[in-house]
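Encoded as structure tokens, the following chain is the form predicted alone, with no partner shown.
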Amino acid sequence: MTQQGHGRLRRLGVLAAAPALGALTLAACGGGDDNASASGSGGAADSFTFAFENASGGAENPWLILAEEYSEEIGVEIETNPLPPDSYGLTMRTQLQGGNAPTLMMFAPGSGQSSSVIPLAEAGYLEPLGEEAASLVPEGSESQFGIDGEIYAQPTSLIPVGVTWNVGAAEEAGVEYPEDFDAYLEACQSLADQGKSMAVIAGAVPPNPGLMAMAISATRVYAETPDFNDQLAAGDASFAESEGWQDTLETIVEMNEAGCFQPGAPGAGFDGITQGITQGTSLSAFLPGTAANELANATPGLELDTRAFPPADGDPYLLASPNYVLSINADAEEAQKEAALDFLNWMSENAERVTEVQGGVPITGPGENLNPTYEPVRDLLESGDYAPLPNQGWPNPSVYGALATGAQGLLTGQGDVQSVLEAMDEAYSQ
């Protein structure tokens, strides 16, 4: 398989230390003019605001940890606003449009999600970041992070996306991770007989069924045609005519019919995932690797790892890409922009620590200190048998929206595979 291009980390300058002033504060984010005072004329502010997703709702969120460490080391107060994933994209767009967005924000690369960075950059809401951020962008992926030669989003680490596996609960249930999809379906029945489920899903929150569909598409679509998104863009392929995408969605239907999901899955929220995985009533969930790491850190004794979804036949294949990026509000005070940029530079200089806390993989690839969560997929990461999240290359959020709501409909029996794929094609052409 052909590996997606890796970026090379360039050597960065040393960040000047600032006087020690304060510690992390938890507060609601506000406009760029309300919460910080400049440390001096033309200098960086001594505080700024930072919004990001917080899947677990706990204090083990990696952005909280990094913000606190920065505050303690540098002395700049970061007022953080952790937000639930299901409302994050809409909240940020609303605040940017209203002129009261935080200084620093977490987004997704590309154009295919509600929190994607490129549409916001095109609308003029984001500040260009410069050479330090550009040095971290994987080669060949510049269009996912900027426009017109400018970079507007700084990637942090490579995030594998697949199946989060509860090792302890699986051992207790006497179930080994299935090597192929037939074995997966057999395990679903075995677990149902024990009052457990193979997978837990937030069926009431479309992005989670959408993420599940993308994780499954790794082996059904991108293992065989890693350039499928390029074919879409060239007009040489479509979702509705893709056997791989048909197989992807048919897989969800088969899982649903086989009882692979927890009872009440169509109406469950993200709290259902947290409870199912941490309590061991479900053996797996479809989550980014960082969320799995966050859940494990927040739950003593919980052992989770990341696996590739079992292929129907052939070899396993994974999704992995810089799924989280950081951007600066173009309308923030100049002093706050400078303070936020200093934080981004600090993260670049402390890339190993950022990767450790965030629970990801260095953009340059796995090394000796690979997070144990990713040991089961080390070979895939080292051999390049992975593709980026598909929706990063789609032209607008409506495509992923059609997939997410369509996959949700497959769980409730209110949709069919072909209609979902046709809706994706229609959204792609908008």
Partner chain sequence: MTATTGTPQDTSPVVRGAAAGAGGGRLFRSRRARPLISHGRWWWALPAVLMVVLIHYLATAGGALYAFTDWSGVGDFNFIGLENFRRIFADPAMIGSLTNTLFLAFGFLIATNVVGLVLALALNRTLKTRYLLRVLFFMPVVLSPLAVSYVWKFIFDFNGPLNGVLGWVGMEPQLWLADANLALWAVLVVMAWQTTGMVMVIYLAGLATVPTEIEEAAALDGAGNWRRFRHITLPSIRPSVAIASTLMLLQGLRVFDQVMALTGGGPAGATETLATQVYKETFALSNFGFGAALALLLTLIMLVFAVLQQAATKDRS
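Here the structure is a predicted model, which means the values were calculated and not measured. Numbering follows the first chain given and starts at 1. What we label the rigid core is the largest C-alpha set whose atoms superpose within 1.5 Å from one form to the other.
What comes next is about the form predicted in complex with its partner chain, which is not displayed.
Note on contacts: among Ala233, Ala123, Val167, Ala183, the single residue with a heavy atom within 4.5 Å of its partner chain in the predicted bound form is Ala123. Out of the listed residues Thr290, Ser114, Ser217, Thr306, Ser114 is the one that sits within 4.5 Å of its partner chain in the predicted bound form by at least one heavy atom. Contact check for Pro388: no non-hydrogen atom falls within 4.5 Å of its partner chain in the predicted bound form.
Although the partner is absent here, Ser143 is not a contact residue: none of its heavy atoms lies within 4.5 angstroms of its partner chain in the predicted bound form. Interface membership of Gly393, defined by any non-hydrogen atom within 4.5 Å of its partner chain in the predicted bound form, is ruled out. Although the partner is absent from this view, Pro397 contacts its partner chain in the predicted bound form, with a non-hydrogen atom inside 4.5 angstroms.
Look at 187-195, 123-131, 67-75, 325-333: in the predicted bound form, residues with non-hydrogen atoms within 4.5 angstroms of its partner chain sit in 123-131. In sequence order, Pro397, Ser398, Thr405, Gln408, Gly409, Thr412, Gln414, Gln430 are the residues of 393-430 having a heavy atom within 4.5 Å of its partner chain in the predicted bound form; the partner itself is omitted from this view. Once both forms are overlaid on the rigid core, the distance between the two CA positions of Ala213 between the shown form and the other one is under 2 angstroms. After superposing the rigid core, the Cα of Gly269 is displaced by less than 2 Å between the shown form and the other one.
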